[in-house]
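What follows is a single chain, given as structure tokens, in the form predicted on its own.
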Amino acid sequence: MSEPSAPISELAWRELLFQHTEGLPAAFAAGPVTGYCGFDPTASSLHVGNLVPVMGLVHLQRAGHRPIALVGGGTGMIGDPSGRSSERTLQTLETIAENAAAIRAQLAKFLDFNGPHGAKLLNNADWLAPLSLLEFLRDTGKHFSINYMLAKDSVKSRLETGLSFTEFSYMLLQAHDFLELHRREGVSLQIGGSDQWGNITAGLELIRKTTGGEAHALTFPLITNADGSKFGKSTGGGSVWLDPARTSPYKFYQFWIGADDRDVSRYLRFFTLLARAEIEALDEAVRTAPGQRAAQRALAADVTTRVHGTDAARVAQEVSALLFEKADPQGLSDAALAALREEIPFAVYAAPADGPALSEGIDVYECLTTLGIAASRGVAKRLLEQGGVSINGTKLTAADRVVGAERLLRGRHLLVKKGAREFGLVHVPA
């Protein structure tokens, strides 16, 4: 491996640098640094908001340093009060263990775990679970005054609404993690969101008081959209997850495609490893040809490929091109047709008792009503008469109530479209 470098300048041009301790550049210059970031296992998946610190670990490793991802199996039992207005719902040990395993698999898509400088995944339950209360109070709690803790923003912001002793103790547990990792793994850097500065610097204080060692902090900005809305929410308001069972690859792709022109340049810097020249060229495309959405396409393809793989990203692009760019449905792959079933209304065709038999063709009225595109057969008839329906990319007329089996897409499907944006998919059994 080449000599390590300081990732600070890389993070700065990517607008990922919020603040860091004064001695961090010198620490990077002195040799390889081991740094860590914690991840909360209160859900079975990371979400796109977690990608900022994940990419921080990626840049740390790319600069020749050693990243450690710490899954908070122990602290997840408590809950971090930072950025919250109310107490968290506490999770069971079994749930947290399952969530931690799922998060480990997701982090492995970003970090290289091989070789002497490979990343490492640890779980703080390994040392927090067997820790006795008396031992914790004696060895960690005695180093912090109440005044010191009350001065931290994560605590001050909750004093009026109420803060339990459980969450109040979170800062000390996170500081204990930093000390434990300092001793076990030689960790001298913790990274995280800017709202974690108080918790991180508490760890620096504990390391200094107990070992006399030097440690550092680096934080990233908290991300908001240009319109002021919270980053990481879908159009429906829900979180955008990395788990495809929670957020499909198509919806994940669409989240990035939908980035505002005012945001996309920042997101390319934050969430991709594209070179500076390529990103600046895409910045220029946003200014000169915003309608082509080249920057959004590059962003969506890059992040979806990293999280879900090349095949899933390709299918997401196929489905997106069909639904929003008038792509020819005749070219759809089997995988894209399978993905479409999950994204638009889907039905299995059954020949109506008062309509043509399946051997005679497929009744379009039945397709429209079964999918819910038309409220009744009368409405379906009017839609055809008005030229408002197409099948597999071909507009129908009033005379096209019945379409032959030769019109079926591969896998015996009919893609039904009403107007410009309303779609449905019908599978016709053999």
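Under this definition, the rigid core comprises the largest set of C-alpha atoms superposing within 1.5 Å between the forms. In this text the structure is predicted, and so the values were computed from the model without any measurement. In case it trips you up, residue 1 is the first one in the sequence shown, and so on.
Separately, the form predicted together with the RNA exists; it is not shown, and the next lines address it.
Only one of G228, G212, G291, P116 comes within 4.5 Å of the RNA in the predicted complex through a heavy atom, and that residue is G291. Think of it this way: in the predicted complex, the RNA has a heavy atom of just one of G31, G378, G404, G372 within 4.5 Å, and the residue is G378.
Only one segment in the set 33 to 41, 53 to 61, 395 to 403, 66 to 74 has any non-hydrogen atom within 4.5 angstroms of the RNA in the predicted complex, and it is 395 to 403. For the marked spot (F110, T310 and R314), a heavy atom within 4.5 Å of the RNA in the predicted complex is absent from each of the three residues. By the criterion of a heavy atom within 4.5 Å, L274 is excluded from the residues contacting the RNA in the predicted complex.
For G411, no non-hydrogen atom is located within 4.5 Å of the RNA in the predicted complex, even though that partner is not displayed.
Using a 4.5 angstroms limit between non-hydrogen atoms, D261 touches the RNA in the predicted complex. Interface membership of T201, defined by any non-hydrogen atom within 4.5 Å of the RNA in the predicted complex, is ruled out. Annotation for 409 to 429: interface residues with the RNA in the predicted complex are K418, G419, A420, R421 [heavy atom within 4.5 Å].
The rigid-core alignment places the CA of A380 2 Å or more apart between the shown form and the other one. Relative to the superposed rigid core, A30 undergoes a CA displacement smaller than 2 Å between the shown form and the other one. After superposing the rigid core, the C-alpha of R401 moves by 2 Å or more between the shown form and the other one.
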